[in-house]
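The data below hold one chain only, encoded as structure tokens and taken in the form predicted on its own.
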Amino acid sequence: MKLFLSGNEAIAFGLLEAGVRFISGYPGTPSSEVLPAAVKLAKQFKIDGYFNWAVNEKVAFEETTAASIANIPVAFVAKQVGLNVAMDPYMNTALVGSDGGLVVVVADDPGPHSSQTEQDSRFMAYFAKIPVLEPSTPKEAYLFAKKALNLSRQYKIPVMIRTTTRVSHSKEDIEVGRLSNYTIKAQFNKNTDRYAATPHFRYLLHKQLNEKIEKIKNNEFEIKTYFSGKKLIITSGISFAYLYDIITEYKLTDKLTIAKIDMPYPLNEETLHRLTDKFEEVIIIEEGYPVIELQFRKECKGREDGTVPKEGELTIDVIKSILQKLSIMPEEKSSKLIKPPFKRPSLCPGCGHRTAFYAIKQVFKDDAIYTGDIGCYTLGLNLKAVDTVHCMGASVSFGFGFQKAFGLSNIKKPVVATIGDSTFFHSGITPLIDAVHNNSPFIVVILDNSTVAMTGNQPTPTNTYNEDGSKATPVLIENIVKAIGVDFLKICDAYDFDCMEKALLEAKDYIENYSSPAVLIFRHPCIYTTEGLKNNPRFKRVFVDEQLCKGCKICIENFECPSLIFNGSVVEIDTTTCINCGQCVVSCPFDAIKVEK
């Protein structure tokens, strides 16, 4: 059977075909499609198993580890910063090992295009001493998913598949095998020396891990070579695919030889050295950090000597420029590309977050410190209602830190933290506990749109259903906030500007008079969900009265809806994108924006 699959879909198919029956993770671009693809395939081919998102990556990794110890083939899915969140169980699981087979699927975002860091997860494999496979195409992603599970089962060790954005999201025809159901038989053989190891036994587990890595290095490492030039390029992953195309297109086959490495860690340097001895020059081109280069331990050109840029994505153009600098291929005349005008990302038309940020800014203006978080609400930057964005949950921790720091200087500085619903569940609860416990008066605004919007509308713990469609018990944010001990809690619809303004003013007064955080929940469904758009209140028409519009552009600059456009003299409504929510009405000081009911 041949299917047209993306890299992420191919991984899902490979995992299920190999026998994986338990997948958990947390959505994050560019990895988000793996788990939904597994859910879809499981339904289509009637495969039994558990395939759902966890509240965060640490929990997901612990869940998959336990299922693996119960002899179930499992997989964990995250983007590179998600693996950071799971580092504690991840490092420990490398020592303890897996039983049913454990595949760690991590998608990196070189560039970066949608991440707060540019990091190489292969280094995390190196750090934890687990093998990592790096596909260069969606087809290899499918094959490596099966190979990873087999390796994990054979050596009882977690095995990582590291993809990058281009492999995760590109598509090709792939000949796949059959998906068939089987009876899952969990079992647990008690062994406290391994599963509840004290420090002495951890030492022994580390010794065993080193022995596994040596065996894998000696038995599983292989190099594939292409072309017959005198200069050797050692490469892996998507960089191999780019190099292959460049060498073929520019007829460099007699100048360069490529050595492709599918498993960048553990590297068998002796085997690699024997190969490189035949060449007059060795260049290492790999996407990310110099993982192969550092293990190679021999003179070569690469990231360490600056031949390859030390940061940024290795696109085809970047690799061409490397070969041109090395005089391997001629300089090309630069083509006159017409670049479209830059347009910054912004919240969607009709997004309730926009009105919430607008209300926050109207109340606190430039007087407050605004700590933001990871997700759509990062775009509160455009409304000048976000000053910091660090990592998941850091809006609350930063709010606490700023409040305490200014308190030490006896300066009363209002701090407003904004965080989404899924991010609050992920990492916002624990810092709020700290803020309550340590008497820190600042405002936490939870922007609840009942979905993980930025990564593709995955469900959150507030939903009544899971990713696989099964029934779930909703966990209400307000109940958690009350249970933590927050005394000031107000809830408003994020389309109700007056309610939010009133709640913000009351919260402002509260933190000035009490030593405790105030929490506001501004709730409105994401209009990019089927239910959210279907049930969204809308007017017959939203329009601008040209007689009243002064052309001041205050609405565009302060409310920042993409459907508001300036025609050179007055503001107009872009009816191709406007959803007639009428939220922009509050942004005009001259009442020029009107609605028709």
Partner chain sequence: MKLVIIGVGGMGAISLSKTIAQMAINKNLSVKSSEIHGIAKKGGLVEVQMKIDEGLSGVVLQKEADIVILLEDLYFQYAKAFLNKNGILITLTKEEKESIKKEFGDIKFANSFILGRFIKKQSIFDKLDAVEVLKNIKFSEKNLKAFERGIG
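Numbering follows the first chain given and starts at 1. Note that the coordinates shown come from a computational prediction; the quantities given were computed from them, not determined experimentally.
The protein also exists as the form predicted together with its partner chain; that form is not presented, and the subsequent description refers to it.
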Have a look at A197, L179, I319, A241 for me and say which one sits with a heavy atom within 4.5 Å of its partner chain in the predicted bound form.
-> A241
Its partner chain: the contacting residue among R202, K224, H113, K230 in the predicted bound form [heavy atom, 4.5 Å] | H113
Within a 4.5 Å heavy atom cut-off, is K171 in contact with its partner chain in the predicted bound form?
-> yes
Wondering, does A394 line up within 4.5 Å of its partner chain in the predicted bound form on heavy atoms?
-> no
Contact test in the predicted bound form: P474 vs its partner chain, heavy atoms, 4.5 Å = no
Heavy atom to heavy atom, is Y528 within 4.5 Å of its partner chain in the predicted bound form?
-> yes
Answer yes or no: in the predicted bound form, does its partner chain come within 4.5 Å of a heavy atom in every one of F4, R166 and E249?
-> yes
Which single stretch, out of 339-347, 412-420, 281-289, 79-87, brings residue heavy atoms within 4.5 Å of its partner chain in the predicted bound form?
-> 339-347
